[in-house]
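Shown below, as structure tokens, is a lone chain in the form predicted alone; questions about how it binds or moves come after it.
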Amino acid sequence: MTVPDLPDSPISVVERETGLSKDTLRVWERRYGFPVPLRDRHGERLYPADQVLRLRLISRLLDRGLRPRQVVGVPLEELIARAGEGDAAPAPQARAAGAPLFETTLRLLRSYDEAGLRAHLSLALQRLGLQRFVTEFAAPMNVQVGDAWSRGEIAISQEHLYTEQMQHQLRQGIGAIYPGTNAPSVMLTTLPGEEHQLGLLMAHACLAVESTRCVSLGVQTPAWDIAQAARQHGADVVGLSFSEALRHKSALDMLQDLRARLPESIEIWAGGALCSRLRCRPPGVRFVSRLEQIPPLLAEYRERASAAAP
């Protein structure tokens, strides 16, 4: 594949783009002989574009549970192949509905056509309806955009453009639905360190379609604040979204902390790309690996609540 012709990146930029700490990069440099940074005139490390691309892919594979010794130093093409192995393929009906939409989205994205992209996504939302837009188009499209970014086929600015436009459409779709009144009352947020809001909005959309009462706190809410807000709002469920950007141990530690702060009567539902890869799962937390699980999960909750009612 062709590596983008980009300027060399200082270690602070590499840390921000890959999620790999400066200390980790330095340790790998000594232990595995990769990465191999250049030096500027002050002796500071500079990382060529091809190495940054490999580090992005390595970071993604580490989030899936691989060890550094299994991926650090592996050739680029092999990293690309491994990174693609773990991505869940969209269902056949999603592929049929979304294939032309996917191609057009990437074409508009590569040309930085913001107006065209917004119009294209808006039309897709109108044609599919909010539920299908989320599950059949947005979810697999997110994977394609993430893959394209990891392989260096689109710039981070293009990935940000996509995210902003998709979030705009989801907010529009949610806003067009009359606020739900059905149980459970779900409070949505992310924990500190998880700044990605797209997954949260997608879950909100699926809940809104089911007439669920939702309160969104946005992103990066501390556990103690979530617990206080959940009590004050009378929430039945706290819904959390986790992308692959958050480290496994951090996610588990914060989930355990939040679970300890909440009464047993308030459930925790955790979803997102990271959750499907967690090997250790704290008790008292329901994991939702796919958005299609939300309707049956709500039905199950309502059935339990009805059975418990006097």
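So that the term is clear: the rigid core is the largest set of C-alpha atoms that superpose within 1.5 Å between two forms. Throughout, we count residues from 1 along the sequence that is shown. What you are looking at is a predicted structure, and each value in this text was computed from that prediction instead of being measured.
Quick note: we don't show the form predicted in complex with a further copy of the same chain, though the next part is all about it.
A.B. asks: Met187: heavy atom within 4.5 Å of a further copy of the same chain in the predicted bound form?
C.D. replies: Because a heavy atom of Met187 falls inside 4.5 Å of a further copy of the same chain in the predicted bound form, the answer is yes.
A.B. asks: Would you classify Arg110 as touching a further copy of the same chain in the predicted bound form, given a 4.5 Å non-hydrogen atom cut-off?
C.D. replies: Residue-level check for Arg110: yes, a contact with a further copy of the same chain.
A.B. asks: Residue-level question: is Arg54 within 4.5 Å of a further copy of the same chain in the predicted bound form, judged on heavy atoms?
C.D. replies: It does not: once a further copy of the same chain is placed as it appears in the predicted bound form, Arg54 has no heavy atom within 4.5 Å of it.
A.B. asks: Even though the partner isn't displayed, in the predicted bound form is Leu106 close enough to a further copy of the same chain, meaning a heavy atom within 4.5 Å?
C.D. replies: No, no contact at 4.5 Å.
A.B. asks: In the predicted bound form, which of 67-75, 123-131, 166-174, 136-144 comes within 4.5 Å of a further copy of the same chain (heavy atoms)?
C.D. replies: Flagged stretch: 166-174.
A.B. asks: Name the residue from Ala203, Val237, Leu101, Cys214 that puts a heavy atom within 4.5 Å of a further copy of the same chain in the predicted bound form.
C.D. replies: Comparing distances to a further copy of the same chain in the predicted bound form, the residue within 4.5 Å is Cys214.
A.B. asks: Just one of Ala183, Val209, Val219, Ala148 has a heavy atom within 4.5 Å of a further copy of the same chain in the predicted bound form. Which one?
C.D. replies: By the 4.5 Å criterion, the partner-contacting residue is Val219.
A.B. asks: Counting only non-hydrogen atoms and a 4.5 Å cut-off, give the residues of 219-238 close to a further copy of the same chain in the predicted bound form.
C.D. replies: Residues within 4.5 Å: Val219, Gln220, Thr221, Pro222, Trp224, Asp225, Gln228, Ala229, Gln232, His233.
A.B. asks: Classify Ala49 as shifted (yes) or not shifted (no) between this form and the one not shown, where shifted means its C-alpha moves by 2 Å or more with the rigid core superposed.
C.D. replies: It does shift by 2 Å or more.
A.B. asks: After fitting the rigid core, is the C-alpha of Arg261 off by 2 Å or more between this form and the one not shown?
C.D. replies: No; that C-alpha moves by less than 2 Å between this form and the one not shown.
A.B. asks: Align both forms on the core first, then report whether Pro295 has a C-alpha shift of 2 Å or more between this form and the one not shown.
C.D. replies: Not so; Pro295 is displaced by less than 2 Å.
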